[in-house]
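The chain below stands alone and is given in structure tokens; this is the form predicted on its own.
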């Protein structure tokens, strides 16, 4: 009998000890070792779009990252002179109503310096293969964000200024923790979050898209313009802006498109590649929302679409560096596609079908500080 009591007491002692040990281990576990599980953000690839996206392995898309990036995209505290009454945000030069371009041409930074190029629109950059900017010298959106922060012609800021400004805002540490697992705020995390938001800026609901999806039909003029766009016998636009049915409206290539015969090679593709064939070559921009993204060309020399069409029709300038795909160019007689007035009107009518009013009014892409 005494032996049974002794065994029961010993069993109870062992059980309590094990329980206390378990509780002790739980209490000693730091909160930051709890597994971090952000919500995956899935980009829904529109019909007829390429299925291959360029999402860096070290910056996967998450709902929390996109939300944080949206706030940072519209936050003037990233600007180097925000504290001096000269605020500047990503959206200063990339306005939604202009398809995330600035609508005026070159940007003016917080120091008053002017960019050497016009702004490139933030449209469907999730499909960019890794050649950002007019000369393709930037390999990722993340790198571009960091360059903008430091560029004297843009934010003209420093790590210290940016981090101090963002850390001072009570809402940000929880947003960074939700997106990245801890409240630590770094330039890399800022760039990653903004890049995630930019990759959600997807334009896929223009009339052109609806025609591709058999949801609409071109008018006679628009259809004629599409034929001009997509044939060598016509305006021959498709070699640089994509084959028939290409919804991105760019090949992401770099071409000297016969604008000049004398070249500044400081900022062209040659300045990156060192190849003589890239002298005077610049990025082929998307034609999506082209109605909204003027002035046109890398230096904004053309103010209107009509000027652009006239240039490709009868304004090409011969040089040895003009790209071979400029089939309508050849000394001394060929200076362009030589379109008649009706053909010009038809080509413009087609280009206007690339305007996406859903994109420029999407509340998910708008300023969260002002959106109710």
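Here the structure is a predicted model, which is why all the values come from computation and not from measurement. Numbering follows the first chain given and starts at 1.
What follows is about the form predicted together with a small molecule, which we do not show.
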Open item on the list: Just to confirm the contact call: exactly one of 137-145, 167-175, 181-189, 211-219 touches the small molecule in the predicted bound form at a 4.5 Å heavy atom cutoff, so which is it?
Closed with: 137-145
Task: Complete contact of 47, 70 and 205 with the small molecule in the predicted bound form (any heavy atom, 4.5 Å) - done: no
Open item on the list: Residue-level contact is defined here as any heavy atom of the residue lying within 4.5 Å of the small molecule in the predicted bound form; does residue 278 satisfy this criterion?
Closed with: no
Open item on the list: Can you tell me whether residue 227 touches the small molecule? I mean in the predicted bound form, with a 4.5 angstroms heavy atom cut-off.
Closed with: no
Task: Proximity of residue 77 to the small molecule in the predicted bound form, heavy atoms at 4.5 Å - done: no
Task: 4.5 Å heavy atom contact, residue 296 and the small molecule in the predicted bound form - done: yes
TODO: Name the residue from 249, 99, 193, 235 that puts a heavy atom within 4.5 Å of the small molecule in the predicted bound form.
DONE: 235
Task: Position in contact with the small molecule when the complex is considered in the predicted bound form, options 126, 119, 95, 292, heavy atoms within 4.5 Å - done: 119
